[in-house]
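Only one chain is included here, represented as structure tokens and corresponding to the form predicted alone.
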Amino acid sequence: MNVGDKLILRKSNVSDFFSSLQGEMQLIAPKKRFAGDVVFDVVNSPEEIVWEYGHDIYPPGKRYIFPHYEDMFSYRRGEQISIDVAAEAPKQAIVAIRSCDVTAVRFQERFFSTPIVDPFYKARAENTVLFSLVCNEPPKKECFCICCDGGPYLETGFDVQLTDLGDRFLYEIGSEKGLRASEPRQQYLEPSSEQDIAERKRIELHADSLFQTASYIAKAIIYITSDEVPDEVWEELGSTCFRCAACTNLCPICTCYTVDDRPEPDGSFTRCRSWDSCQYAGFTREASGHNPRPTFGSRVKRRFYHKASFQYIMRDGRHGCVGCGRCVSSCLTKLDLPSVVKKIRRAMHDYIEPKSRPTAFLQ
């Protein structure tokens, strides 16, 4: 068994396979909760895994590797300061995670490792195995991963990739971590055939043809990188923003956080970090009170500059969107990436050809 092998995991063996894996690490997978909603959570048994689902609005990779709230360490003041490190990151497998979320995890891994390594993220990432599930069709109409090289299937970046072929999964091993998780369970895997590979290719081509949402991001990258988008465009976009931060909280790529010291009843303190948002007025406010991004428009501009400028593409290895569609689903004023890209292209056309410029260029 080697990295790159394409095998078959029959659905009759899925429960036994993941039961065996559960003896080594906790399983996180889509399961039914509340009133039938499917969300990612720790499963007590592989029987709880819901394989046919759309995708969780709350990105599982971000939630379990870069959690919303995370205790970093605790300390006690006195004649000497004593520090207690946080508990060791648990070993875990995220099962049936979508391709776009796997791509986002790889983006965050790079972000949190260069130029300075974040030890908390690194520990969680190293202890996590990703079993991605190919989308045989777009999970939601808002998905546009095909425009962002985020899915619906992956050529690289996965530990194990599963493609539903009916009564079986095509089981592709993509990393050493995936190989280590697979080798002790070889008895549940069997060689794939040429027909299996051909069927996967057919599924890929069919899935590609079904996407409804499009994001023509290349042109916006040029305008944003060269800082050609007029400030009045950003200010008009910002004027519609509610500052709810749904876009950044639900984005699997966004990495902003803040750090606080929490007092404990025993007199010690816990240093913890939690997600923050560049769309909040206080995010860039300095100790002097000065805010370099005082307007709504300047903060919206910063968000999309981080998403689509060539400067960040060079640093992070790709643009800051995987096409999961969560911003499309969550933003009430259509400040999602596909809509903003279209508005920028339309607005720039009006500036380049002023004779055709309408009164309200963002309508």
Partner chain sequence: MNDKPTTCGFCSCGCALYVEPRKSGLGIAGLCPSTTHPVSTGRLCIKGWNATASLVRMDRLQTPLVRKGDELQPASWEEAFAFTVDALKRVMDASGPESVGIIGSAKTTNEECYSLVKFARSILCTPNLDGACRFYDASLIPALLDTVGVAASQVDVESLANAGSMLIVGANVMEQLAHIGSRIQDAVENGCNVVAADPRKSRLAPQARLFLHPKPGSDLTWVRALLKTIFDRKLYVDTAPQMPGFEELRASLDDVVMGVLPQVCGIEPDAIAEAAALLAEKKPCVVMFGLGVLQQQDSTLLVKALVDVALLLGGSVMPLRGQNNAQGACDMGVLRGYLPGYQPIDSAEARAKWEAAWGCSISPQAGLSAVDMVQGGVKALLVFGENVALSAPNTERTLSALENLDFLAVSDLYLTETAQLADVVFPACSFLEKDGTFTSIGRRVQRVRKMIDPVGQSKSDLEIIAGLASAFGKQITADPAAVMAEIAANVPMYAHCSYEQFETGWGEPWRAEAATSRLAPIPATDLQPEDPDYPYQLIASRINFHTQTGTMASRCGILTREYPESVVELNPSDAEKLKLRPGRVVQVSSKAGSLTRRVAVSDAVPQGCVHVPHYFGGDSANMLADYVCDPVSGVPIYKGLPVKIEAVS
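These numbers were taken from a predicted model, which means no experiment stands behind them. Residue numbers count along the first chain shown, from 1.
Heads up, the form predicted together with the partner chain isn't pictured, but that's what we're talking about next.
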Report whether the minimum heavy atom distance between Ile313 and the partner chain in the predicted complex is within 4.5 Å. no
So, in the predicted complex, is Cys244 in contact with the partner chain at a 4.5 angstroms heavy atom limit? yes
Exercise: Asp276 in contact with the partner chain in the predicted complex, heavy atom 4.5 Å: yes
May I ask you to check whether Ile57 falls inside a 4.5 Å heavy atom distance of the partner chain in the predicted complex? yes
By the heavy atom within 4.5 Å rule, which residue out of Pro265, Gly78, Gly166, Pro115 makes contact with the partner chain in the predicted complex? Pro265
Let me know the one among Gln108, Thr270, Asn136, Thr213 whose heavy atoms come within 4.5 Å of the partner chain in the predicted complex, would you? Thr270
Mind checking whether each of Asn13, Leu154 and Gln187 has a heavy atom within 4.5 Å of the partner chain in the predicted complex? no
One stretch from 179-187, 218-226, 144-152, 278-286 that, in the predicted complex, holds residues within 4.5 Å of the partner chain by heavy atom: 278-286
Just give me the residues of 317-332, first to last, that have a heavy atom within 4.5 Å of the partner chain in the predicted complex. Ser329, Ser330, Cys331, Leu332
